[in-house]
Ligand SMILES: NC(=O)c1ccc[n+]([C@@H]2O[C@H](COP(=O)([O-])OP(=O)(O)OC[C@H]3O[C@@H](n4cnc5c(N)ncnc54)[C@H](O)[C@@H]3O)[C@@H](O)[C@H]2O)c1
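Below you'll find only one chain, the form predicted alone, shown as structure tokens.
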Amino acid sequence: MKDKRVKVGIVGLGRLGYRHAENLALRIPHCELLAVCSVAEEEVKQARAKWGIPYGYTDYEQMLENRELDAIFIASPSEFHCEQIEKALGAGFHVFSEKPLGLYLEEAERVEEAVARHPDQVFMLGFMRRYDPSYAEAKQRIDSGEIGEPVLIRCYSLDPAGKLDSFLRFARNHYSGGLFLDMAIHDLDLARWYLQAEAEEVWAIGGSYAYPEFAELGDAETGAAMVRFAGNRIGIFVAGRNCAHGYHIETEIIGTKGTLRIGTIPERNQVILFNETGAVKTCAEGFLERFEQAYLREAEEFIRCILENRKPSVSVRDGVESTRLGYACKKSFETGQLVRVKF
């Protein structure tokens, strides 16, 4: 493994894709970013020039013809994930895909079948919160029994209001799946991970309060879901895109013997300003800042899995079941009805 390098091609060079590309090019041991792909030719040119990338493509299928590559890293818009995963696996590559696995349950299940047909290839899904130090420690504490049996999880995922305009521009051109499938999917995955239980029933509500554009897109600006998991465990999920104070990701797990909280104050650092308004702490501005280390660690794990010929702990099944739950939340929100999660 000392001299082995995994040669990677990435598709998608938006905000998150650019960060992934930068990590793959500069920060991941035993990794070489050999190719970049985007429908925006200028993004391809800039990435190649900045990091000295040998190959650039505006056509994904052309990149898959490059036999120098070992792995494909998918950071394109959500609507393209399933098709691109299947094509990359079929072409013989190891595959990392950003969340969500799919926007429809049927396509997510189809990807699961494709992964099963290629047992010698590594597939990994980008649920990066599992690789965040705080969330990983919470998992260890739950598994060691520090809070007894976990019975309730409460999650807030609130995007900063300052990013609303850019998101709406994106949403008008791409189908993201909506608030629950695109944004709350991380929380739904965490709930399954922490509770070790699958969802059984969902009730979700939401609306467009300050930004009616979301209603026009069939989406919610702010929404909430209550989920009953197996064993009568409880999940409470709040997601929104109009958070005045910044990027706020908070999780609470209540057990029979104690409680864990993560991110109650979404602070950027330990600096506190004292002035005429009181004690002021600056909040993180977005997901790239808050989960910087998690994005790096998950990419490192993907490369290590390839080199060590093993499978990551985040499986395609996690993607399928999170999609199943996210789609049930979406259906409940759209119909106003209690939805039974079907397996």
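In case it trips you up, residue 1 is the first one in the sequence shown, and so on. Everything quoted here is computed from the prediction, not taken from an experiment.
Not pictured, yet referred to below: the form predicted in complex with the ligand.
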Quick one: find which of 5-13, 330-338, 315-323, 21-29 has residues within 4.5 Å of the ligand in the predicted complex by heavy atom distance. 5-13
The ligand in the predicted complex reached by all of 130, 156 and 224, non-hydrogen atom within 4.5 Å: no
Report the residue, out of 190, 122, 75, 88, that has at least one non-hydrogen atom within 4.5 angstroms of the ligand in the predicted complex. 75
None of 268, 139, 174, 110 but one has a heavy atom within 4.5 Å of the ligand in the predicted complex; the exception is 174
Contact test in the predicted complex: residue 126 vs the ligand, heavy atoms, 4.5 Å: yes
Residue 43, heavy atom within 4.5 angstroms of the ligand in the predicted complex: yes
Would you please decide whether residue 55 lies within 4.5 angstroms of the ligand in the predicted complex, comparing each non-hydrogen atom pair? no
Is there a non-hydrogen atom of residue 84 within 4.5 angstroms of a non-hydrogen atom of the ligand in the predicted complex? yes
Just give me the residues of 265-279, first to last, that have a heavy atom within 4.5 Å of the ligand in the predicted complex. none
